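Structure 1 and structure 2 below are the same protein chain in two forms, each given by itself as structure tokens.
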Structure 1
Amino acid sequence: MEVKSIFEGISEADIEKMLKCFEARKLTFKKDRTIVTNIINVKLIGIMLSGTANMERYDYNGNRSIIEKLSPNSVFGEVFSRLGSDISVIATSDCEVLFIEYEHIIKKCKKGCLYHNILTNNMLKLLSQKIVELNERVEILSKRSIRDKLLSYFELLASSNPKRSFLLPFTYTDLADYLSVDRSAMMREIKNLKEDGFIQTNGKKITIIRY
């Protein structure tokens, strides 16, 4: 399933008109700035147009978890989270985000907006894509050891490359937060994986030898 843009099949001119109709707002954020925190009270959906961001949460021990990596066409928002889950989205590069009120997408367009249905369909695809990603995340997190978490995440990253190698999309520190494990324990396990001949690493370039 390829990832589609929310505007797939709608012309530039029509997009502009629709954005007005939806009262959509396009905002830009510099690297490291906070895009949203849990203080939002309107049910907004955010759609990454360009750039990358991390969805993060800190628990009461101060441990950070990276809930999700966001890239172009990723959707996020309070609509998708239960209240009280203290989550924020932090730009990891300069980025553009489109905010639309969820109700505008869900409800039948009163102004008879021409391409409303196309947009709804595109939205359906984006949400499906998000579900795929969340399922992957659940699959990785439900592995019972650090070793298995690493292997299944690495396998996922390598799966699109016949050479079985890939560039880690973030730092090892962030990887630990993404897998929800202690960083030093993870580093130790990566060393073990290398010694046991499962992987080879060169900085952030990782190659799977066997699985």
Structure 2
Amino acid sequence: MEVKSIFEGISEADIEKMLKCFEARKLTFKKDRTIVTNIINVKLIGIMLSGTANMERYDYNGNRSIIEKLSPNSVFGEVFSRLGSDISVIATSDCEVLFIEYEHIIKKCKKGCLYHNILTNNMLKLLSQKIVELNERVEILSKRSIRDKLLSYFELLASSNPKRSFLLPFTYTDLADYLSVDRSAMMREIKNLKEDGFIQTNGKKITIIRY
């Protein structure tokens, strides 16, 4: 069963008790501010409460890659990001983030709290979901052409909508960095896909006509 929040199945009253017990901290960040850097060495679990952020990294040539788009209820941290020490989380809007020390979650609760066990199970399920999402991204990036990468990604986004329409979660610049392609070449290919009758676009809204 898919878990949408690390707190799923825990009452609001128990969440408040747990956050006090865990000495959790809520912090706010303005758009474009760095939330976390060198994520693999940060012994915290971050939970997006509001707003959005990108998990990204730069290579030695200064090229940016976007690993993941984070939205409310997204979870990030060392345990979720075994992809290198140079990963950062950057706010793409004003946002609020809850931080919990990783040790508080994995250590055995002295009080034997039921909600602690639920939280641990939810975290394991979220880890499994992230593995699936990472595999989906690898599948997209494995496509040889920009067209195939775009169509594969668009098909993934449209798969849960009977009308085959969706809103891009990225700006077009961020989409190019997510797909690891040149933005100008990507925009030309999107234009070609429209002219060839594969998609319709209205700003960031895209509808798949045929695949």
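Rigid core (definition): largest C-alpha set, two forms, superposition within 1.5 Å. Numbers given to residues start at 1 and step along the sequence of structure 1. Everything numeric here is computed off the predicted structure, so don't read it as measured data.
The form predicted together with the DNA: 1 or 2? Answer to the question: structure 1 is the form predicted together with the DNA, whereas structure 2 comes from elsewhere.
For residue 198, decide whether the Cα shift between the two structures is 2 Å or greater, given a superposition on the rigid core. Not so; residue 198 is displaced by less than 2 Å.
Does residue 27 count as moved between the two structures, where moved means a C-alpha shift of 2 angstroms or more after fitting the rigid core? Passes the 2 Å threshold, so yes.
After superposition on the rigid core, does the Cα atom of residue 187 shift by at least 2 Å between the two structures? After core superposition, the displacement of the residue 187 C-alpha between the two structures stays below 2 Å, so no.
In Å, how large is the C-alpha displacement of residue 72 between the two structures after the rigid core is aligned? For residue 72, the C-alpha ends up 3.9 Å from its position in the other form.
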